[in-house]
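Read the single chain below, which is given as structure tokens and is the form predicted on its own.
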Amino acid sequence: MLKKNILVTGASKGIGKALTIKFAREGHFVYATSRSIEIVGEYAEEKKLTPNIFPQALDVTNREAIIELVAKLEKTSPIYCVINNAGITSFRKAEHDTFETIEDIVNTNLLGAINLIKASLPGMIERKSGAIINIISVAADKVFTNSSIYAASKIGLQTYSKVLREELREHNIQVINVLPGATKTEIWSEEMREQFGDRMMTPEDIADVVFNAFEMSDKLVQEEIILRPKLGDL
């Protein structure tokens, strides 16, 4: 298997951490980005994966930082796959979300992902190969109260990626949208995790599915993947 360079956002915990560990264990080289790179370094060492995990400081709301990081990596280690995983939410009614909260969620979940894709596309197009994987949410497919701006950001990324997918087919670049349901991560409150943790999927569950989709035959691609707990949404 050809080892590839993978860039993961939000890699310090949750699904991003599980994705980083999964791809690194399978032999790929992972640029694990986070605002807390010391956490990434600690678990990379703990899992004995330091030869395959390269912590990179990145705030996805900082467009210039994204452009700078991608340019740096492309000079020596071209990025084959970008996994947009970084995400935040508020779990409040729309009337209670502040303007600052709205901007933070949109800048992280939507614009951060789009800017990273935009910065990475020239190299992928030039090489006529690559993959873009977006960890979205079932909130883009089903109405959940207390998540209006989160859902809007996720639907926006999903729709953007659907259009992008058609534009990139001629360049042999895959675009995969993954829509997970309730997953046991810190995006949920401790109380919710304690109450519903047994029903929730695990980050490792999601990472396994994403990796399998990534490693599929060159002749096909799973473009939209919806994942839910067996007992349904919370």
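Keep in mind the model is a prediction, meaning the values are calculated, not measured. Residues carry their position along the shown sequence, with the first being 1.
Missing here is the form predicted together with a small molecule; even so, the following discussion is about that form.
- Partner contacts here mean any heavy atom within 4.5 Å of the small molecule in the model of the complex, and among 46-54, 186-194, 23-31, 161-169 they occur only in 186-194.
- Mapping the unseen interface onto this chain, G130 falls outside it, with no heavy atom inside 4.5 Å of the small molecule in the model of the complex.
- Under a 4.5 angstroms non-hydrogen atom cutoff, the small molecule in the model of the complex has T108 among its neighbouring residues.
- Proximity of I88 to the small molecule in the model of the complex falls within the 4.5 Å heavy atom cutoff.
- Contact check for S137: a heavy atom falls within 4.5 Å of the small molecule in the model of the complex.
- Exactly one listed residue, out of A182, V175, A207, V70, brings a non-hydrogen atom to within 4.5 Å of the small molecule in the model of the complex: A182.
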